[in-house]
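Take a look at this single chain in structure tokens; it is the form predicted alone.
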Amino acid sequence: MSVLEVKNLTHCYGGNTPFINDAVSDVSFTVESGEIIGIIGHTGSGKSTLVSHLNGLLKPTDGTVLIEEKDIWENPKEIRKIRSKVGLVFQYPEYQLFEETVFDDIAFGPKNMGLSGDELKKRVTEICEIIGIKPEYLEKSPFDLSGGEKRRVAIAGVMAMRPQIIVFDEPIAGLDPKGRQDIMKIISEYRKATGATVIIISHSMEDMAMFTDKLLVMSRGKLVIFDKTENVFKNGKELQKIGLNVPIVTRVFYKLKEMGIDVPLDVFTVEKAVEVLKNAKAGDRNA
């Protein structure tokens, strides 16, 4: 079932001035319920502008955004309801923490949705269990936590609203490898537990290869590719034309192929590479 449809979306900055610029131009795509969609593109390609339309933070200059087949701007007075259906996690969300305790920060969104008492406590507890926030952290100040823990709490605050769609704008920016892995695991676990649709902007091709079902590729405000992740990365030369690349492990296999070694080119993760090389080694033994 289609949960999100974007039709001919255009957004212009600087309208009616000599500096008019189409940040997003005539973009159309459909997302099915429960999918994990990655959005990739060079800096300035329109990724953040695009996702800012999905919960009404920006209004299209032209085109429509439909959630469950309903135009989100059909009734502008109800746009806040859309923001409970489509959660948006900005880059460095830990900078938006402001409550005295971790519990209060996570509870802020659900509280504004009308939850209170035991229902509110249950909602916070459930999301903490899903993404691994320990109960003893709930009464701590979020400002006493590490950078990675703060980000986890900030993400939990959006997840606790139980949006049907949750959008992450560079969720792993500035984190070390362990922190990156932890955040991507949180997103994956949340999707498994709730069935929510997830949209992720990232520059990490390795993470996109590992976690997404489909990739949407942006360049100069336009959608240039929208397909299954494996199909997008198979088309590495097209990505390179617009300043992008395939995962490092895929580039290794390209190089092996150039050297005359018979290896497949649809290898996008380390796990897949290990499997392919093990099978090749076993084949050599049996030859």
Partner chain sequence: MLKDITFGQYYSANSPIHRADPRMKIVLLITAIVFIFLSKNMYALLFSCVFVLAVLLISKVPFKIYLKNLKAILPILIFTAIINMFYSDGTANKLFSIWKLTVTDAGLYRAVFMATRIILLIFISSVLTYTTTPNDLTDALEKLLSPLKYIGLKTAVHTLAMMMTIALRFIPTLVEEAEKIMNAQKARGADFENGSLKDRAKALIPILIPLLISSVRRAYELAEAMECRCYNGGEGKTRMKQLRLKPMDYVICFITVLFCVGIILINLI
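Owing to the predicted nature of the structure, the values given are computational and were not obtained by experimental measurement. Numbering follows the first chain given and starts at 1.
Below: the form predicted in complex with the partner chain, not depicted.
Can you work out which of 146, 112, 75, 116 has a heavy atom no more than 4.5 Å from the partner chain in the predicted bound form?
Flagged contact: 112.
Heavy atom within 4.5 Å of the partner chain in the predicted bound form - the one residue of 214, 180, 162, 83 that qualifies:
That would be 83.
Answer with yes or no whether residue 108 is in contact with the partner chain in the predicted bound form, where contact means some heavy atom within 4.5 Å.
Yes, residue 108 sits close enough to the partner chain in the predicted bound form that at least one of its heavy atoms falls within 4.5 Å.
Taking 4.5 angstroms as the cut-off for heavy atoms, does residue 57 touch the partner chain in the predicted bound form?
Looking in the predicted bound form, residue contacts with the partner chain include residue 57, since a heavy atom lies within 4.5 Å.
According to a 4.5 angstroms non-hydrogen atom cut-off, is residue 171 in contact with the partner chain in the predicted bound form?
Judged by the heavy-atom cut-off of 4.5 Å, residue 171 is well away from the partner chain in the predicted bound form.
Looking at the partner-bound form in the predicted bound form, is residue 186 within 4.5 Å of the partner chain by any heavy atom?
Because no heavy atom of residue 186 falls inside 4.5 Å of the partner chain in the predicted bound form, the answer is no.
Heavy atom contact within 4.5 Å of the partner chain in the predicted bound form, the stretch among 67-75, 126-134, 196-204, 85-93:
Result of the contact check: 85-93.
Select from 150-173 the residues with a non-hydrogen atom within 4.5 Å of the partner chain in the predicted bound form and write them out in sequence order.
Sequence-ordered list: 157, 158, 161.
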